[in-house]
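As a starting point, one isolated chain is supplied in structure tokens, in the form predicted alone.
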């Protein structure tokens, strides 16, 4: 089996939810149960990738990659198939969250835990290169940046660098973090060339506890209402709130593949992965609220850097 890490970059607010909730937010985001980290389920991404190929004339090739289509909906269609699909799509997990700052407009905030999970997704290797090493842990309410000189989100108080994230005022270690600079450089390789310095200028590392607070409180929450078509006013009882990951959020996951099992289409695992990922920067619409512009994402990978690995 071969695997390749992928990056999802949200270009508009992204709502992949769990349905209605009895909590404060009516339509919350989907999160990992144990950690609370926001995710996009692999099943959602795989369905969107398959749907993007619905007009392909070569149906057998699509079925070889994604698996045979169900002939009947519901439980009646859950019958043994002649062959299995070759593609496995893992969940996309939050990697960096854009957080409003009082300096530099916004920062892309991550933590040692999120980078450690990303490193695990790479399997420790990117082609012939090692992935960046784990970053050192931080004290509570501390932050680090790759370059004090180049980061756009810092300000100085009494000569010491600090960063404002929403209503958090965090002290920044007064030295460059070479390890975080390596992460910014490697992650940036997946982005278009004109955006590659964004991570170096905006990436801010905070401790895991602060990151947990931010992914619970710094997401986008919108209040919406339905209009009664007969009166043109707000419909009675049709007021709700929905949570989204803000535009510019980065999520990371893994796709894996075996050779194709289809009796008529013989594809190697590397071909399956390349077909699934498509061209660099493939545009997809994920999650709900598509008609109001939500869920536009860019699917990116490190193909040009030889990131493919075998497990």
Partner chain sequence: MNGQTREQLRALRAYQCVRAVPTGLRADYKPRVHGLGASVLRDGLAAALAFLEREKKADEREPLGTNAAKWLLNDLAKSLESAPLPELNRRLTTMSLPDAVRELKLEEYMLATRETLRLLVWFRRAVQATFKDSEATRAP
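Values in this document were obtained by computation on a predicted structure and should not be read as measured data. Residue numbers count along the first chain shown, from 1.
Quick note: we don't show the form predicted in complex with its partner chain, though the next part is all about it.
Residue-level contacts in the model of the complex: of 78, 150, 166, 197, one residue has a heavy atom within 4.5 Å of its partner chain, and it is 166. For the options 83, 155, 213, 102, the residue carrying a heavy atom within 4.5 angstroms of its partner chain in the model of the complex is 213. Annotated contact segment (heavy atom within 4.5 Å of its partner chain in the model of the complex): 217 to 225, selected among 217 to 225, 70 to 78, 115 to 123, 186 to 194. Though the partner is left out of this view, residue 233 does not reach within 4.5 Å of its partner chain in the model of the complex, counting heavy atoms only.
In the model of the complex, its partner chain lies farther than 4.5 Å from every heavy atom of residue 138.
Taking the partner from the other structure, its partner chain in the model of the complex has no heavy atom within 4.5 Å of any heavy atom of residue 271. Proximity of residue 23 to its partner chain in the model of the complex: non-hydrogen atoms within 4.5 Å are present.
Proximity of 7, 57 and 91 to its partner chain in the model of the complex is absent: no residue of the three has a non-hydrogen atom within 4.5 angstroms.
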